[in-house]
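Shown here is one chain on its own, the form predicted on its own, set out as structure tokens.
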Amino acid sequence: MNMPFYVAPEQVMKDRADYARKGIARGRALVGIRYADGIAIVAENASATLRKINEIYDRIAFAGVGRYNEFDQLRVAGVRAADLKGFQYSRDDVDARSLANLYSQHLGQVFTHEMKPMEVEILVAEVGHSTDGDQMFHVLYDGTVFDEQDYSVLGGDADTITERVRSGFSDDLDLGAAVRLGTASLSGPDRTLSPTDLEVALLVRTNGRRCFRRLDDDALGALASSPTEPTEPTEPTEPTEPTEPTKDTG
């Protein structure tokens, strides 16, 4: 009788984690940054049709990196779960925390029991009625959830990008500064990202019931450009008195 092939559980989990991390690292990164009026999500995405950032519910956005077909399935599941909960109970009962927990359970189940883990990392962001109510949840491929406070980085060279965001972040960022910080953090010192290379969406707390708004290339180009210092008006010069012509005495 042949003995069944045995692999230590620790080795199985390590191999799955390495496989998922390598797949995610090959993708292009995205950054979520809190600013004065909400949350800005800046992603490197050259596609004009495939979106990495989408609306989930009134005040909630979803962003993903990794395999598009896998994180888009999670997006659809989140939309359905949010709509069902808002219909059965109240729209105010739909929040990012419950959605992040739902995603965490699903990703953890797949990572533990399926042969291949999902090669995705996702961000679930919610804008509150004040800055104290803003929430960002970073969910990993194995279901681990991180409660981010001011910014969150997913995919790519996350450690290096995080250092760039940390060095430029402050509590009083406006929208333009947040977009420029996200763009500079994704591009780094060796290259430049144009508006066509980016996908930027916002959760604006003053945007009414539905806070999600996507920026087009023209608006992004205006925000991404460096602000120019206003020139101080020059003081008007006093008019000079006309001089009388000199009389010729000779």
Partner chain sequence: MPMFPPHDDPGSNFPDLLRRTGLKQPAVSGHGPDDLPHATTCVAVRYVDGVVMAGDRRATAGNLISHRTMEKVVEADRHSGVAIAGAAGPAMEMVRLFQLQLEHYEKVEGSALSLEGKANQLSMMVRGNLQAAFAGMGVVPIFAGYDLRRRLGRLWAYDITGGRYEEREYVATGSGSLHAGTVIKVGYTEQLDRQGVLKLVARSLWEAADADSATGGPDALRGIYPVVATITADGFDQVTDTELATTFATVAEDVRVR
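All values reported here derive from a predicted model rather than from experimental measurement. Positions refer to the first chain, counted from 1.
From this point on, the text means the form predicted together with the partner chain, which you will not see here.
- Think of it this way: in the predicted complex, the partner chain has a heavy atom of just one of 74, 140, 179, 173 within 4.5 Å, and the residue is 74.
- This chain lacks the partner; the member of 150, 95, 83, 157 within 4.5 angstroms of the partner chain in the predicted complex by a non-hydrogen atom is 83.
- Annotated contacts: 34, 134 and 145 are all free of the partner chain in the predicted complex [non-hydrogen atom within 4.5 angstroms].
- The candidate stretches are 22-30, 215-223, 56-64, 37-45, and the one lying within 4.5 Å of the partner chain in the predicted complex by heavy atoms is 56-64.
- The partner chain in the predicted complex is approached by residue 88, whose closest heavy atom lies within 4.5 angstroms of it.
- At a distance threshold of 4.5 angstroms between non-hydrogen atoms, residue 117 is out of contact with the partner chain in the predicted complex.
- Residue 209 belongs to the set of residues with a heavy atom inside 4.5 Å of the partner chain in the predicted complex.
- Contacts to the partner chain in the predicted complex (heavy atom within 4.5 Å) from stretch 144-158: none.
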